[in-house]
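For reference, the chain that follows is the form predicted on its own, supplied as structure tokens.
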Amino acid sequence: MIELKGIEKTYLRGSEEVHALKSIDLKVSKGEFISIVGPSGSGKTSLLHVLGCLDRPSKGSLLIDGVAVENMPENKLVQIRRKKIGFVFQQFYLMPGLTVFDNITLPLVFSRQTIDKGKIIRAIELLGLKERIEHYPKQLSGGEMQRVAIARALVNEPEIILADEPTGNLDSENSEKIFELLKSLHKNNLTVVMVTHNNDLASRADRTLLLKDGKFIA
């Protein structure tokens, strides 16, 4: 489903050139659950941004379903992100003035799709949020806010979920719940790539990759 060939990513930080990714090769099969671990500054978030077409590689090729996308115009990359990829971040990025229901509908609003209330209700029920549908973020726990963020990522029915430290702001109990939720979604043939500092959760993925200094070392 996803293939990276010789991916490099270089940033300029002032006058300094930072090599965030160095000749990364990776294949992700449909329905696979992969975790990526590594120390801070190893390039994990940079890699996830390239995988999600949020950032272009400096060198190399990114293929999604066999199609090279690294040189596609931005409007086509937007379509790929909207149709194929759901993003879950460590920060929940919920709109404080919107209810749970309205926060989940945002991707549909941005992509100018018809609001299918049935689809949204199904996502809400799947995530165990039925009793919170009219609540605002300030009325939710951290675990509930992350479940809203996951429901929002699912509302466009993506094939791939990219999760960047999805349990980073949660206690151990809620971290376990969110991980089990991602695993249950994966069992429905959703492809999941998760960046995490939690080695216990990482070890329970199909594959765990160790990134250090912009390279996979194990």
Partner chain sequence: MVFLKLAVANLRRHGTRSLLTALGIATSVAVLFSILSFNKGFSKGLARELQRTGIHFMVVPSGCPHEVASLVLHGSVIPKFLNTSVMENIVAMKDVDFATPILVTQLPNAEKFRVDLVYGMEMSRLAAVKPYWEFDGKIPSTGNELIVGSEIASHNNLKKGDVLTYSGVSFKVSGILKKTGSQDDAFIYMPVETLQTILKKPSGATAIGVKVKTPETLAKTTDELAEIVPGIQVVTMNQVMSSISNLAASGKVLSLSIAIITILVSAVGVMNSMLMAVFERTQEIGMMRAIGASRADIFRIILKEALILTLFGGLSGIVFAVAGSDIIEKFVRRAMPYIPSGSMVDFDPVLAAASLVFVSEVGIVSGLYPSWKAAKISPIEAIKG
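Just so it is clear, the model here is predicted, and its values are computed rather than measured. Numbering follows the first chain given and starts at 1.
This protein has a second form, the form predicted together with its partner chain, left out of what is shown; the following refers to that one.
> Does residue 107 reach its partner chain in the model of the complex if we count a contact as any heavy atom within 4.5 Å?
Yes.
> Indicate whether residue 112 is a 4.5 Å heavy atom neighbour of its partner chain in the model of the complex.
Because a heavy atom of residue 112 falls inside 4.5 Å of its partner chain in the model of the complex, the answer is yes.
> Does any heavy atom of residue 45 come within 4.5 Å of a heavy atom of its partner chain in the model of the complex?
Residue 45: contacts its partner chain in the model of the complex.
> Give a yes or no for residue 131: in the model of the complex, does one of its heavy atoms lie within 4.5 Å of a heavy atom belonging to its partner chain?
Residue-level check for residue 131: no, no contact with its partner chain.
> Taking its partner chain in the model of the complex, would 142, 159 and 202 all count as contacting it (heavy atom within 4.5 Å)?
Not a single residue of the candidate spot has a heavy atom within 4.5 Å of its partner chain in the model of the complex.
> Going by heavy atom distances of 4.5 angstroms or less, which of 32, 70, 55, 176 would be at the interface with its partner chain in the model of the complex?
When its partner chain is considered in the model of the complex, the option within 4.5 Å is 55.
> Which is the contacting stretch out of 59 to 67, 45 to 53, 22 to 30, 168 to 176, given heavy atoms within 4.5 Å of its partner chain in the model of the complex?
Answer to the contact question: 45 to 53.
> Any residue of 135 to 168 with a heavy atom within 4.5 Å of its partner chain in the model of the complex counts; write them all down in order.
Contacts from 135 to 168: 152, 164.
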